[in-house]
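Heads up, the chain below is alone and in the form predicted alone; it's given as structure tokens.
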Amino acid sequence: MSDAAKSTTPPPALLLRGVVVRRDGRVTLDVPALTVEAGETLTLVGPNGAGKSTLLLVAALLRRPDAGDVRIAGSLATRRTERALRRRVALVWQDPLLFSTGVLANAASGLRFRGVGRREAERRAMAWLERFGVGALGERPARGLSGGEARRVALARAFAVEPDLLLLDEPFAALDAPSRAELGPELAAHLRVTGTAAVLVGHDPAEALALGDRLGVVLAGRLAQIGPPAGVLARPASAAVARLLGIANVLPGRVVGTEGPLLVVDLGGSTVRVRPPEPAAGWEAGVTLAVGAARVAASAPERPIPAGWNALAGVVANRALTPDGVRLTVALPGGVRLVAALADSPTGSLTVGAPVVAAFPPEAAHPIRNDAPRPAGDGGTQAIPRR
């Protein structure tokens, strides 16, 4: 890259390096390195207590790490600079935290705190209230808003200050399904149009996959995996990551041989062949298979199975209707359960107790080494090593 090109490349909106946070002598956050580029949206998912909110506090410069560096838009946060750098960050909490004033005054408050005159602050805030569809509520008391309206006002307040970095803690929490479905794409569109970098923390893997340019999985205070959402979903680094992402089939198995590039895996009564992202030779016996329910077909025993697919005979243990079709749980020998998500397949005869064949191609199952919590292969996905 030429010097001219380097000079026009914006610095990362957020850079964490060697960040450690301790509480009561215990490490609650350990991030060797994390970069959020200008204009990028990073979504973070993890269970309660995993350290996601602590990471947001560090990024917002509201919690000094016990070790490590934080940079906002290229500037190092220190005791002397952090106050000015906080003005370049906007944080939206799960609770919108609106003041006991009108909607417009709330939306303008971030600008007012930054020294913008009242008339100009209200003009800019009103533009964002209108973009989020709540401009008509400007004169209403903020405390009387619905949950969805309050969330829109809080987002308008954050966007109005034109931050280098927008931090969002569970922005769709407690909203009903229609409100979540509407607000998510709106937020993504505003981030894209403004080029605002964002870190969005949530619990719902589906929302994280839909909104983020990259997806990070936080477990026990560490980034267990980070990468493009499709890559993380297709190649989870560990069984814990796979379960957190909602992958329906996380199956312990044992490698019993190879057939060319395929691993032969015993699931405790059924044998399957899977295609590893690394050469088949050298895999240890212990392995976990992650298989998405949508990749599993299920049919009556007399129906043909595509050549080369794994075909597992069992019985229907459970059948449930979903908005997208039918979800079958198939009981296999050895107590193994395999979940299949079926759309428009003819499943009328597949009632509970009926014989069934569950099938999936070798490439549908991602094998995970039981002794190494890292993704096999790259594909733009990386696991963050522990210290």
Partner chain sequence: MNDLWDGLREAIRLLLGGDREVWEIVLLSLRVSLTATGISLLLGVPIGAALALVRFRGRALVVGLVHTGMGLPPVSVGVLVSLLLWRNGPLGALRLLYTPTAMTIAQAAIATPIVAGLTLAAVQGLDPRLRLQLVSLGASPAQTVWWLLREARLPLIAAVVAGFGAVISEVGAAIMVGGNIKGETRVLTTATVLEVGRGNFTTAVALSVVLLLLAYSVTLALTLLQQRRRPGS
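Because the structure is a prediction, the values reported are computed rather than measured. Positions refer to the first chain, counted from 1.
In what follows, reference is made to the form predicted together with its partner chain, a form of this protein that is not presented.
- You can rule out all but one of 175 to 183, 295 to 303, 109 to 117, 213 to 221: in the predicted complex, only 109 to 117 has residues with a heavy atom within 4.5 Å of its partner chain.
- Under a 4.5 angstroms non-hydrogen atom cutoff, its partner chain in the predicted complex has Leu91 among its neighbouring residues.
- Its partner chain in the predicted complex comes within 4.5 Å of a heavy atom belonging to Arg143.
- Contact annotation: Pro205 falls outside 4.5 Å of its partner chain in the predicted complex, judged by heavy atom distances.
- Although the partner is absent here, Val352 lies well away from its partner chain in the predicted complex, with no heavy atom inside 4.5 Å.
- The contact residue chosen from Arg83, Arg192, Arg243, Arg254 relative to its partner chain in the predicted complex is Arg83, the criterion being a non-hydrogen atom within 4.5 angstroms.
- Put simply, of Ala343, Ala67, Ala33, Leu62 only one has a heavy atom within 4.5 Å of its partner chain in the predicted complex, and it is Leu62.
- Using a 4.5 angstroms heavy atom cutoff to its partner chain in the predicted complex, all of Asp95, Ala105 and Arg157 count as contacting.
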